[in-house]
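Shown here is one chain on its own, the form predicted on its own, set out as structure tokens.
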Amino acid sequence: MKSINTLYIIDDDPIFVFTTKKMFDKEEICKNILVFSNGEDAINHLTPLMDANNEEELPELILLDLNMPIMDGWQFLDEFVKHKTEKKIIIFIVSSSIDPNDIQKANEYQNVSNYIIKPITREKIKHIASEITALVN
């Protein structure tokens, strides 16, 4: 299983964030996990890194919730695609929404690799890890 350097979790649910961090730590999939409680904080952090093409500090993987205050996941994605970087950043939407329209809309974003319905489980974490390996290689 491929280990990644940096994972961003963009989600306002502290229970989801806590359990996801614990599961990623236990599976030893990534070294660094940064957490943002809304899309605005995340995009404000990412923008200068992407604009400078600072590949060392950019994440390999982003787990993105859709329903958050201030800037939701859709707004984050709309801002994210405006910035180009040479590094491949894999985005998984992880949402409690089972609305087929959300799943279809997610597929319209080239940067979104998959849509995972909460709750997150150890099996889903392993699936994410295997997809990362396939996408990076």
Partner chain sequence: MQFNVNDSQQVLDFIQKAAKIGTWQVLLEPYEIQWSDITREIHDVGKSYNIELEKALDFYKEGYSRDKITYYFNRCIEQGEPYDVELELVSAKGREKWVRAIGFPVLENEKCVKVQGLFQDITEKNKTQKKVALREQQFRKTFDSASIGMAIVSLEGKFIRVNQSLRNMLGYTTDEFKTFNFKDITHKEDTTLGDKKFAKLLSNEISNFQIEKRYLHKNGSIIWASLNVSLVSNEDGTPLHLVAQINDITKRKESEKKVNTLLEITKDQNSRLLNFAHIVSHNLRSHSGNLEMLLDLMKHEEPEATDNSYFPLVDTAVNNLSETVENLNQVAILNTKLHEDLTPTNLYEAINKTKESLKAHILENDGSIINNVPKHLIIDTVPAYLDSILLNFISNSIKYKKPDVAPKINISTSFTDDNQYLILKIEDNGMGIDLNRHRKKLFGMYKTFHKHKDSRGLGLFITKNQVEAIGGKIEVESEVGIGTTFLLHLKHEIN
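Positions refer to the first chain, counted from 1. Fair warning: this is a prediction, and the values are worked out from it, not measured in the lab.
Just so it is clear, the following notes concern the form predicted together with its partner chain, a form of the same protein that is not shown.
Engineer: Is it the case that H127, even though its partner is missing from this view, gets within 4.5 Å of its partner chain in the predicted complex, heavy atoms only?
Structural biologist: No.
Engineer: Is P48 close enough to its partner chain in the predicted complex to count, meaning some heavy atom within 4.5 Å?
Structural biologist: Close contact is absent here: in the predicted complex, P48 is far from its partner chain, nothing within 4.5 Å, heavy atoms only.
Engineer: Contact between I120 and its partner chain in the predicted complex at 4.5 Å, heavy atoms?
Structural biologist: Output for I120 is yes: heavy atoms within 4.5 Å of its partner chain.
Engineer: Whether P100 contacts its partner chain in the predicted complex should be assessed with a 4.5 Å heavy atom distance threshold; does it?
Structural biologist: The answer is yes: P100 has a heavy atom within 4.5 Å of its partner chain.
Engineer: Tell me, which of N67, N53, Q75, N44 has a heavy atom within 4.5 angstroms of its partner chain in the predicted complex?
Structural biologist: By the 4.5 Å criterion, the partner-contacting residue is N67.
Engineer: Can you work out whether its partner chain is within 4.5 angstroms of a heavy atom in all three of I15, F18 and M23 in the predicted complex?
Structural biologist: Per the other structure, all of I15, F18 and M23 touch its partner chain.
Engineer: Within 4.5 Å, heavy atoms only, one stretch in 78 to 86, 55 to 63, 31 to 39, 91 to 99 touches its partner chain in the predicted complex. Which?
Structural biologist: That would be stretch 91 to 99.
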